[in-house]
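Here's a solo chain for you in structure tokens, the form predicted alone.
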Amino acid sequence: MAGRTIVVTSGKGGVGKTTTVANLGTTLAKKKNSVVLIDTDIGLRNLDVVMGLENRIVYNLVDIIEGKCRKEQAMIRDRKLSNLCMIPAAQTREKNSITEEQMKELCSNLAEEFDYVIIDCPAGIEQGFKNAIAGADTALVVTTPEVSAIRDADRVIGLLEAALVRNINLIINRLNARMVKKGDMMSTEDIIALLSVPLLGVVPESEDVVVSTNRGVPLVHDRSSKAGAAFRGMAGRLDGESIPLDGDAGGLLGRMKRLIWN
């Protein structure tokens, strides 16, 4: 049976897509799944840095598409998990170096070999976005509790629906429970009411994210990190586990059980 192909997107840059891809992919691999991560942000790749693999790049996504290498040659194996690989983006090419059909074919081929194909989508809604979603059967839309990010997420959800991506779920990143309580930040309930898609999970605001990125070690390797625990919960739900949402952000989600991802 073919694996699942998941695109992580947002519309707005800087909301945590790449961190999400790295942590979900790492957790799914720790659960004994075979996982490949694809960075489709041609010209501005970052996934290799977050994974701590930037010094191992020889070939990239465009090289595979153009036939300059086999896909196995471009895959970089994770330092800790042999069943986790990454395909980096090209830094010196344009986003139109790849077509939607080429990306769809690559994802289809990878899904025959891996349990999960997870795509790191570039910011914006231009050709890079269209390429990234072309081969996906599931979309995870990442937003932060800011008006501009939520507006962009709403726009992206509409585009995903128009592209017939039916399985769309929401990830809320950098939620500050103290600010929510004071009324200075939108709550989980507010965001879900605006976007009207099922919630996969909530990541609390944490300095751990910056430390993790600088070290090139995904948060989920740190058992003491609350943000890491949130990503582990989301990966578990993706993998079919029944994990309550309540624990993701300090109990803010008690009223949202009807929107648990399934």
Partner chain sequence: MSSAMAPIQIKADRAGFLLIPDPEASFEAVMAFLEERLEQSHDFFHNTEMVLDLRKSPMGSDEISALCTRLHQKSMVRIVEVRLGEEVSFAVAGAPERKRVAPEAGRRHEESAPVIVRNTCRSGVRVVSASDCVVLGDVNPGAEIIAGGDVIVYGTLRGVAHAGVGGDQSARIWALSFEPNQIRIAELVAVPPRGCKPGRGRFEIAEIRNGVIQVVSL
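Residue numbers count along the first chain shown, from 1. None of the values given here were measured: they were computed from a predicted structure.
Quick note: we don't show the form predicted together with its partner chain, though the next part is all about it.
Proximity to its partner chain in the model of the complex, taken as a non-hydrogen atom within 4.5 angstroms, holds for one residue of R155, K71, R79, R93, which is R155. Checking I42, V220, I65, L195 for any heavy atom within 4.5 Å of its partner chain in the model of the complex turns up a single hit: L195.
The candidate spot formed by R151, E161 and L164 is fully in contact with its partner chain in the model of the complex: every one of the three has a heavy atom within 4.5 Å. Residues of just one listed stretch (223-231, 25-33, 42-50, 196-204) have heavy atoms within 4.5 Å of its partner chain in the model of the complex: 196-204.
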